[in-house]
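Here you get one chain, nothing else, as structure tokens; it is the form predicted on its own.
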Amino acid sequence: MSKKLRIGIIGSGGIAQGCHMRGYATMPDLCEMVAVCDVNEKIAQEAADKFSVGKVYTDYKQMLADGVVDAVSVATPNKFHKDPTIDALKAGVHVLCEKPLAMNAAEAKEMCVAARESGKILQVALQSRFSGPGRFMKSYIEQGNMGDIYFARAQALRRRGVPHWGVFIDKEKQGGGPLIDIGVHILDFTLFLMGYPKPVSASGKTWDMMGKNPELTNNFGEYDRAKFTVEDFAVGLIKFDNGAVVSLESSFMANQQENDIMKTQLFGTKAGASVRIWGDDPIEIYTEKDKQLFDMKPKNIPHVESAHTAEVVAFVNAILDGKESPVPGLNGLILNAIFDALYKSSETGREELVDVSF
């Protein structure tokens, strides 16, 4: 390995340029972006010019074959996460893969096996746990202040928030709608705070009652209603092997009070908490002392300029320090397996088992 970690970017669109590449650019002493790749050469060249990257590829296999990178970010649509990730790991290259890890649990298992066999880091790009509220709550919980967290209510809800860019409304390329796109963030955040218990079963329901309706407005801008093939609302109930239960709600469109809700509510034996990933006063803690009930708002939450940058920094440091993945592939597999069970449950009307073995 060269003195600086050599970074490659596979998929050079918005998430790559706005999050991954921006993050790597903050660490010029530790890493250097040496190659970008995109099936659209114009987008790849645009990214290369923006961040002064020397090599441009339209085929990631050629980039790997040239041996010019030590680590890559995979920032492609969900359908194209698996193959570049596995090929990179087999080539001895560390991988930071965008969320969700894969289209489904079967793909995620293949990716986890490849990481295990290669001995290289596979990190899932789930940045919310690196936020200030995430860091504060993780520390607060680990100090025993919450007791046993036995239930959580996780919500990633938009009133009128269908993405009009990318392939977010295309089930064939994305695997699903709000559940797999934004639900993945709040569910990971919640399970991270709960210590990532092992899921055993899930029941859920999805709807596509609003996303196809051309008469409804969309805060993010217009999109082709005829191409909307994902759910617009999903709910689920997930059971874990330690007896804990999580309820999950996620929407692109819903007739609700707020435009955007991204929060989790934790119920513990010593305290409860309402935690938003961003915003003013994002945390409120509910507890009791001497038979008095208290609602508390912490005022010294760590300041994190960008959770996206923080996750990239964690990836680079883990590689250079020889540490475990900051967001292990297994976490991504657990999320994919839960989503599989929820989607299946919506079709069968039954509670479905969640399998996370690999």
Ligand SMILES: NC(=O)c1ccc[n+]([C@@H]2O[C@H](COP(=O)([O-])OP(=O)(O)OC[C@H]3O[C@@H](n4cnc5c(N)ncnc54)[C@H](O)[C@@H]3O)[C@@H](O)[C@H]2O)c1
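Each residue number is its position in the shown sequence, starting from 1. All figures in this text were calculated on a predicted structure; none of them were measured in a lab.
Below, we turn to the form predicted in complex with this ligand, even though it does not appear here.
Kindly confirm or deny that A234, L342 and S345 each have some heavy atom within 4.5 angstroms of this ligand in the predicted bound form. Not a single residue of the candidate spot has a heavy atom within 4.5 Å of this ligand in the predicted bound form.
Please name which of the stretches 124-132, 187-195, 226-234, 268-276 has residues with heavy atoms lying within 4.5 Å of this ligand in the predicted bound form. Among the listed stretches, the partner-contacting one is 124-132.
Using a 4.5 Å heavy atom cut-off, which residue among F220, Y150, Y286, W165 comes into contact with this ligand in the predicted bound form? For this set of options, the contacting one is W165.
Proximity of H81 to this ligand in the predicted bound form, heavy atoms at 4.5 Å: So H81 counts as contacting this ligand.
Close approach of H308 to this ligand in the predicted bound form, 4.5 Å, heavy atom: Contact check for H308: yes, within 4.5 Å of this ligand in the predicted bound form.
Should V34 be counted as a contact of this ligand in the predicted bound form, where contact means heavy atoms within 4.5 Å? No.
Is there any non-hydrogen atom of P282 lying within 4.5 Å of this ligand in the predicted bound form? Outside the cut-off, so no.
Taking this ligand as it sits in the predicted bound form, which residues of 29-51 have a non-hydrogen atom within 4.5 Å of it? Please list them. The stretch 29-51, when checked against this ligand in the predicted bound form, contributes C37, D38, V39, N40, I43 at the 4.5 Å heavy-atom cut-off.
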